[in-house]
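Taking the form predicted on its own, here's one chain by itself in structure tokens.
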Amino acid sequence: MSYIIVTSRSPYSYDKIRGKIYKRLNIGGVAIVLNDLITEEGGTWVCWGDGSADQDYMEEDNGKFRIFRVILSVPERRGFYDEYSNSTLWPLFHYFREKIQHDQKYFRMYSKVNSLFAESIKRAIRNTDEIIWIHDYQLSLVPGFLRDLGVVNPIIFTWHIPWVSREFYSILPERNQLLKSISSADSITFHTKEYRTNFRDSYESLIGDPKNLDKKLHYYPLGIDYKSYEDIERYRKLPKPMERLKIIFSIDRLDYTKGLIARVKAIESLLKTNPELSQKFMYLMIVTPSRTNVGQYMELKNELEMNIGRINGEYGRIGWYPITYIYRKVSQKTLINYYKWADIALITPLIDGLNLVCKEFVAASTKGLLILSEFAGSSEELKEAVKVNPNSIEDLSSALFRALSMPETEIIERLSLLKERVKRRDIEWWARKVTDTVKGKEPNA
């Protein structure tokens, strides 16, 4: 049974640099499993061709599967991606009301691009048994457009970010269009029970009786490729810096949903209330660039860096600073070494659809303790983590103090239980559960 995978990102892109064509891999947990699935089963990947040379590879057969790329103009990209997807839907579905920007012209561009995706999918269909699997909030209108085009293939729609309460969702002027389109899919999957319930409530409040919808709604938490993080022998081991210090570690995209500033202020609070911890730990904070063309993200970066500089200036000593801050992308090999070094992973988004970093840390670590936001989707699953309210500096500081003084036996016991769960529900488990929902099988969480 073959698939048509539909994502906003491409599995790989082509860029032209100084007259030469380079292939750029777009890595990520979801991309890896989708690549494995379509390579094994065959089919077509429909995606946005965002590479500078992708227009020369709009329809490509790489010998394993086909790729159909949707090429966007600058206005289409801006309206679809920068404005409606990331300035309207992203803040809406993360409860950031004050950041929601809305303009009908950008919704019209979002709708146009979703229509272009649907037309590309229809061209890619070779038989009515192919399963169409559409991913995430950027493509919420695609299922409806496909049905309007007469497509009868089974459709899975997977929503990867939070689905908010029905009261908050009602803010969106196009609320009914999105609900009706997503509901035209044969299977709709979320990462948590709460998001599934919120979607159902939104439908009932705005559209009507959801009883015919219930059999379509499922929730399965996304997993990781556990073995690739567990097997450190695949990667070059790097020596741990400052062996005498305990390392607190985090890695996040630059985004206002991640709670970055609250985290560094918690380090300040920890040192203020517990001065004896000076020179006893190091907070290694990795932030990767994101949406660098958006003004509010650059403002966030500036505020974050000002706070880090202020705290290091006040509490630092010769040869030691409480926060080591790195603003750049890091390789997978380097990241796994960071996971191995860390005594504590501080994963505290203000809200997150799931968060895979905490699962990657659990898989790679042999000694570490996970501090996790209670508002990350993965919190529902990772019960042995130390849970915190990321909005409370005091709560974060107290959790760090507890973690730094926790007995090793308790840390190992917590980690062992977390490892068992993350390993059992890996990314292959997730893909199997989701695809079984349209194969006539009875899925079990």
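Owing to the predicted nature of the structure, the values given are computational and were not obtained by experimental measurement. We number the residues from 1 along the sequence you see.
Omitted from view is the form predicted in complex with a small molecule, to which the following refers.
Can you check 70-78, 300-308, 329-337, 163-171 and let me know which stretch has heavy atoms within 4.5 Å of the small molecule in the predicted complex?
-> Heavy-atom contact with the partner occurs in 329-337.
Is the gap between Arg253 and the small molecule in the predicted complex 4.5 Å or less for some heavy atom pair?
-> Within the cut-off, so yes.
Does at least one non-hydrogen atom of Thr288 fall within 4.5 angstroms of the small molecule in the predicted complex?
-> Yes, contact at 4.5 Å.
So in the predicted complex, does any heavy atom of Gly353 sit within 4.5 Å of the small molecule?
-> Although the small molecule is absent here, Gly353 would touch it in the predicted complex, with heavy atoms inside 4.5 Å.
Can any non-hydrogen atom of Leu222 be found within 4.5 angstroms of the small molecule in the predicted complex?
-> Looking in the predicted complex, residue contacts with the small molecule include Leu222, since a heavy atom lies within 4.5 Å.
The small molecule isn't shown here, but in the predicted complex which of Trp320, Tyr325, Trp90, Tyr315 has a heavy atom within 4.5 Å of it?
-> Looking at the other structure, the residue within range turns out to be Trp90.
Have a look at Val264, Val357, Leu370, Leu141 for me and say which one sits with a heavy atom within 4.5 Å of the small molecule in the predicted complex.
-> Spelling it out, the residue with a heavy atom inside the cut-off is Val357.
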